[in-house]
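One chain comes next, on its own, written as structure tokens: the form predicted on its own.
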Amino acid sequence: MTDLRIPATGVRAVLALIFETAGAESGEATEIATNLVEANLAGHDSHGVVRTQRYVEWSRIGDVHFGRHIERVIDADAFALLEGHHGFGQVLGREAVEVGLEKARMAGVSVVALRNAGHIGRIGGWAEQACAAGFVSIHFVNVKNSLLVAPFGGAGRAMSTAPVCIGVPNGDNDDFILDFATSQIAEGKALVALKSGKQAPPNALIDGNGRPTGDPRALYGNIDPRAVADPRGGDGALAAMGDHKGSGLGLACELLAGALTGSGAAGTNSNIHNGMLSIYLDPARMDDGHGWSAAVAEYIAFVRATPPARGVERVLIPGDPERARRIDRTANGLPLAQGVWDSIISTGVGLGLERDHLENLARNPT
């Protein structure tokens, strides 16, 4: 299906109106909308505006709540345990990073554990926030009650998509941002494929018999494309990335972000929420004169100078694709499948907003 191209400012305005109508205060609605649009601008559509329908439904049934902020359960010099009270992760994630940076500025390093947060979106955005302040950051994330991924050698679900992210500042909008789910693809990428009427990459999922497949219905079951897709509806699972290595890393995320934080490892008997364990480092504190900043820049330049393999234009570092997509999509609009856009508009209509008003706002946001 042909993608639409809709201005990012217009999509942001539509989403902010939808979330405000759903119960968010204006500033929070704008923050959630901005976070989702930023994910699309970076090319991470799986963590972007495709989530709108699901977020509104979660708020309606009480799985996530507007207007909630972090609570400092344990607040030490270089460590904090934060309770999210099932607020929106777009707000809680930013607040958690601010706490981590505040403590790392004082101590040189900090560890921040965030538990019981609503979906905290694209983790790379939090690493970008830390890099912008000059800090290295490492993030381990899990999702309680989100059994989506089969462990290596397994034919059933046992883990969440369990992302890992590392950010290293390099100045001049050239930071190293490594951000990936420990499944073959993020659940949101399967959702985008489902809404677009497309297949996911081959072998990205397994069916109910443990056989590799690219059919997103293995995760969601056979549903009306207009319905709120439930990834627990199918009898298959997402496959772990990198065989035993990715599976082991996913398990580590469950232990660090879930069990250690008190948020809980992936399982059942609770509503869906994220746990995140983050480490923040002030690299200037570890520089005894060896020049860490120059060393980072020189090595990144060295890697980029590697001769490209056949069929590859040039060697990239993590963060390069996002920067290129952000330039393109800011100039030319967000590419959205018709099914994704229809689900956003239908969500607004379901809240009592007029379809024509939403369509016009998308193209004329000012």
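Note that residue numbering begins at 1 and tracks the sequence as displayed. Remember, predicted model here, so these are calculated numbers, not experimental data.
There is also a form predicted together with a small molecule; it is not shown, and the following applies to it.
Taking non-hydrogen atoms only, residue 234 never approaches the small molecule to within 4.5 angstroms in the model of the complex. Among residues of the shown chain, residue 44 is one whose heavy atoms approach the small molecule to within 4.5 Å in the model of the complex. Using a 4.5 angstroms limit between non-hydrogen atoms, residue 91 is distant from the small molecule in the model of the complex. Proximity of residue 161 to the small molecule in the model of the complex: non-hydrogen atoms within 4.5 Å are present. Checked against the small molecule in the model of the complex, the residues 127, 112, 120, 219 give one hit for a heavy atom within 4.5 Å, which is 120. Residues with any non-hydrogen atom within 4.5 angstroms of the small molecule in the model of the complex fall in just one of 67 to 75, 179 to 187, 277 to 285, 253 to 261: 179 to 187.
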